[in-house]
Each structure stands twice: as C-alpha cells, then as structure tokens.
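One chain is shown next in structure tokens, namely the form predicted alone.
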C-alpha cells in the first residue's frame, strides 16, 4: 500500500456572505485538497445552482480504477440527480483545472450554463487551453467558459503534488 504524500496546503473557509465565483472556486479547491489526501490528482469540482452547491467531489480515478471518475464527471452526475433533470442550463461548474476533452464534452452535453476553471491546461484542456471544444460551429448548446479564478492557489497545489510524485519515484 502506498502512503499518500502529506498535503502541505490548508483548506480555506470562504465567507458565506458573498457567494461569488471566488467563493465557489474555493469550495472546489477544498475538494482538491481532499483528493490529494486520498492520493488522487488534486482536482476538485462543485456545481452551483441558484446560489447553492448541489454537487461537490474530486478526482476518484485511482480509488475507483475508473478512467472516467474525474471530478467534473462525478459532479455532473450528482447535480443531474439533485435537480431531477439531465439539462443543467442554469447550473455553473467550478473546477480547479481546465476540463479535459471528456469533461468538456460532458459539460456541453449536460447543457451547463457556465464553466469556471482555475488553471489552464495547454496540453489537454478543451475549453481554450489546447482546444476550444465549445467553439465548434455546429453545437446545439453554446457553453461559456472563464479561466483564471483562484488560479495561483490551484496551480501551486497541482505543481506541488506532481513535484512530490516525481521525488517519490525511484530513479
């Protein structure tokens, strides 16, 4: 059994008085810290609907042995169950790293109103990093995406995790 690296980052406690984009991204960041503590890639996500969090989770690919168990996929499923509809038009996704092709596609298929992400992914991000999936001209749902929310903190978390993993590997 591999013992996870201790997480040197503390959770944040955003004020409930102002439920803005920063507030929701900080909740996603807390999910990412939970992922680290479970030796998962520290990516967290939440879905907000009418000012309330209806879904929150983090990557679970290692523990479930499921390549689709990304934070975004898990919260989209949870949110659809919470509102009783697969169409999440009025919902907003907050995720600590730009969604991959699978998660970007699922966000579009779920008809999410807006996706906010912290860290851009120039290799696999499909909401503007490597590619803009939402910009395909024949889509029947146009997704709005905004990057850079709580970027420095989420980037530092990811970089520290992977740096620790590289040190942990035998040469």
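Residue numbers count along the first chain shown, from 1. From a predicted model like this one, the values you see are computed outputs, not experimental measurements.
Another form, the form predicted in complex with another copy of the chain, is not on view; read the next lines as being about it.
Student: Thinking of another copy of the chain in the predicted bound form, which stretch from 22 to 30, 120 to 128, 142 to 150, 42 to 50 has heavy atoms inside 4.5 Å of it?
Tutor: Only one stretch qualifies here: 120 to 128.
Student: Examine residue 110 and determine whether its closest non-hydrogen atom to another copy of the chain in the predicted bound form is within 4.5 angstroms.
Tutor: Close contact exists here: in the predicted bound form, residue 110 approaches another copy of the chain to within 4.5 Å, heavy atoms only.
Student: Even though another copy of the chain is not shown here, does residue 91 get within 4.5 Å of it in the predicted bound form, heavy atoms only?
Tutor: Residue 91: no, not in contact with another copy of the chain in the predicted bound form.
Student: Under a 4.5 Å heavy atom criterion, is residue 133 part of the interface with another copy of the chain in the predicted bound form?
Tutor: Residue 133: yes, in contact with another copy of the chain in the predicted bound form.
Student: Residue 38 versus another copy of the chain, in the predicted bound form: is there a non-hydrogen atom within 4.5 Å?
Tutor: Outside the cut-off, so no.
Student: Residue by residue through 72 to 86, which ones have a non-hydrogen atom no more than 4.5 angstroms from another copy of the chain in the predicted bound form?
Tutor: Stretch hits, in order: 73, 76, 77, 80, 84, 85, 86.
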